[in-house]
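The form predicted on its own is given below as one chain in structure tokens.
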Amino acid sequence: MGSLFRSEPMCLAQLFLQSGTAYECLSALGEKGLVQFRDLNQNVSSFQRKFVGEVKRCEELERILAYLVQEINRADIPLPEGETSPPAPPLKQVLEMQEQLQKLEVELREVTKNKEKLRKNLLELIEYTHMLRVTKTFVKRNVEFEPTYEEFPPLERESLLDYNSMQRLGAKLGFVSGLIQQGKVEAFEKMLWRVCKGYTIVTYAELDEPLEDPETGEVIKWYVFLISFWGEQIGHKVKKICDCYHCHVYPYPNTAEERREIQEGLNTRIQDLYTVLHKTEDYLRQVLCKAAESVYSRVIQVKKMKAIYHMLNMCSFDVTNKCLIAEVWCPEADLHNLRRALEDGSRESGATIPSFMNRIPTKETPPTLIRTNKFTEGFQNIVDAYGVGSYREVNPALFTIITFPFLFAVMFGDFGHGFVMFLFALLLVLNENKIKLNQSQEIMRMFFNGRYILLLMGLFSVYTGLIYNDCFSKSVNLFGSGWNVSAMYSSSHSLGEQKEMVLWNDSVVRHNKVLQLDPSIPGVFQGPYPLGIDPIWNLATNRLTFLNSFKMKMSVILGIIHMTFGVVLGIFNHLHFRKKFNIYLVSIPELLFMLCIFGYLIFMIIYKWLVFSAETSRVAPSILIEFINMFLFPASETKGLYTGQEHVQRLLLVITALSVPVLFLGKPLFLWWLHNGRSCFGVSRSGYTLIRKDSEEEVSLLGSQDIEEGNRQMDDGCREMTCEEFNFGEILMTQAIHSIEYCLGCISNTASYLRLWALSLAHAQLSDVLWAMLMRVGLRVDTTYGVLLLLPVIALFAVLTIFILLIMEGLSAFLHAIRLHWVEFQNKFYVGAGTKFVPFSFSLLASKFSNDDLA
């Protein structure tokens, strides 16, 4: 509890690491996660530090491992993940590991490149066979047809021939065949027509099955085309257009015999390529399987090695360049383990001179370390989201473990909904050792990380549901109602009692839609319900009025107690930091201001509950009127709650009025008095003690380091100090702002706690509406069709309950509970201006394969 109540004491230590043992010592420190390194080379560029070459080597190894993981995933080979984390590799094995990985990368790239070439050749040959098969049906040609065949008649038969006609006589018929993607066919045909001016004949046919593109590997639909043209110039144009549209062009056979020979040759080459490709893939898979066995350990080792060199770059060298000096923050409780880790590292490296540490004094504010476990981690994260606590100040997380789920349950109170939430959280807790839950989607992982918060929220909601007597908007009669309806009938009483009291008879029951129970009649009210609200209120027409009054007063009581507790916790901070003057000049006036006004309001609420009964309830004064009269001083005397009420209220107002100037001026005047060399109380310090950074106390109390040795030590630690700089106006303005904020905040924060009442009312009404619109309708249906209708109604009711009342309403109550803790509770004592202790620990490195880590 000590560590959770207040952050652990820290110290600044200096490590002297021999050059030959620095790597092993930091490896031992990284395994234990004991210290946080300070950067002693802040003015040195990252590219000019001592171990930048080693960091680049680690980045090169990470690049190679990322390539290996990518190839292993592409081959669908499972990546084994070890349960234990391997240690950082010794320096002797680093060069050997680098050489092995580089050799493996070269081999994999060569084999992969050959495989891609074989695969591309195979796809081209398959396309060629499809092209030959389809184009065989395009043109019917004779065996004796030659490419030198002239399409035009002899010269003697043509009487009128010009120069152009003479050129056409020598023109030859040519063919271009290939494959084109389906989406480019129309544009391709238009381009051929426009460029070749109609001197081409294009024939298309769609392939029956899609083929894989040899260039991109994408499976798409293809069209086979055959273009007939005249002349070499047009042929060149056709080929350029085919290149522009990325057509796969293949040679077109001139004769049927040539077609048959090409087809036979293609089939033989395809079979050979299949054989060679299978053997290549088998060899590649064997290499990848062997690499997959050790890739996990190597990824972790490289990460650890890189982290070590990053920490070494934060160290400085001594004048001889033989020893590295590091400054680290370390918890005082771990100093022994720090020394042992340095000894283990020196022993592992075989050095004759061991590395050692030296504790050094400092006035700097140390980082904040609060040790948590899987139960307290979620609550600590809620507090840290507001701000990391200042060093050694009271940690609100210890009290948040109880107050946060309780305030949530006040707003969410329903026995049924809370029990469903509790079962869901219990399921997560029982299966917390399953890795899949922690690696699931972001929303599910968020629920998993907050499983213990959900568990307590559900458990407290069950309790408040029993107090409200709400279970899916219905009351549960566990102990029997304390109200007796039969006692209201006139037949249950004597004639004398019937004349004095308003009782029921058969006529009254028949002719009145609303009947009123009178608790002053003997036997009607037999005593309070043992636990929570009496279930008879669920049938009352004034149920909402009664619950609103109850929940509103309960919200005010809980809010004032919560805020007062925050002010009390501030006293523990002042005692720890040895600033007792803050207790007398700040905390006590704040408590008096809070208790004399709002504490008195709680007293009036509880007093009225205890003193006035059902018989005297009609003459009971209004608390609101009495509270207003406390400040207005009415001329006419009013009947109060108790005798002497007016004198008590005036005394409380006088105390409140006196506490305000003390709160405004007490602390600034005391610091001004202290600055002029007066004796004080409660400001002694020994060693180094945290004083809030840039605060007025630091200016006035720690302005000078010269403390006279002759002053006697008083019980409160009084010392005489001098101050180099003191700005009374600034201190006065700061304290005035704080005082105004506190005084106004007491009112606004108390009103803010009414959200407990508002959200509880909203949740109860939504639950009631959902029951009335679904379950009540389903239960009132005739028995013939009721069973068939009830099943979908129950299913819809369950879905809407989960998504609206559990998730949406639960999230709303969760956010409001966070606000009450951050704004209304923590601002009374919690500064949250610290820095979190981030140790050099290998456990913080990602231990899973992810693109971000290996990219």
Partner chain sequence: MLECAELYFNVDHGYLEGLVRGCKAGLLTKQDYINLVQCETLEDLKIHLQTTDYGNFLANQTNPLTVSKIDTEMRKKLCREFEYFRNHSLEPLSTFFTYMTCNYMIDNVILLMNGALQKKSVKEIMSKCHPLGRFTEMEAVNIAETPSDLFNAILVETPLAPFFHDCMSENTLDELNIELLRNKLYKSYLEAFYKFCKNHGDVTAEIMCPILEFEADRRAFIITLNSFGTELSKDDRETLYPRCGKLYPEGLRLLAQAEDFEQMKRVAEHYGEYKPLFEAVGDRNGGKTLEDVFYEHEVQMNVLAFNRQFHYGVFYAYTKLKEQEMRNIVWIAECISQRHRTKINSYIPIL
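Here, rigid core means the biggest group of C-alpha atoms that superpose within 1.5 Å across both forms. Remember, predicted model here, so these are calculated numbers, not experimental data. Numbering follows the first chain given and starts at 1.
What comes next is about the form predicted in complex with its partner chain, which does not appear here.
The partner is absent here, but in the predicted complex a heavy atom of Lys237, alone among Lys237, Arg285, Arg578, Lys553, sits within 4.5 Å of its partner chain.
Comment: its partner chain is not present in this chain, but in the predicted complex one of Ala75, Ala762, Leu665, Met191 has a heavy atom within 4.5 Å of it, namely Met191. The three residues Phe447, Lys608 and Ala620 each lack any heavy atom within 4.5 Å of its partner chain in the predicted complex.
Put simply, Phe803 is far from its partner chain in the predicted complex: not one heavy atom of it is within 4.5 Å. In the predicted complex, its partner chain sits within 4.5 Å of a heavy atom of Asp243. Contact annotation: Leu335 falls outside 4.5 Å of its partner chain in the predicted complex, judged by heavy atom distances. At least one heavy atom of Glu60 is located within 4.5 Å of its partner chain in the predicted complex. Just one listed stretch, out of 565 to 573, 400 to 408, 420 to 428, 191 to 199, contacts its partner chain in the predicted complex at the 4.5 Å heavy atom level, and that stretch is 191 to 199. With the core held fixed between this form and the one not shown, Val238 has its Cα displaced by at least 2 Å.
Relative to the superposed core, Lys667 shifts its CA atom by less than 2 Å between this form and the one not shown. Fitting the two forms on the rigid core leaves the C-alpha of Ile557 displaced by under 2 angstroms between this form and the one not shown.
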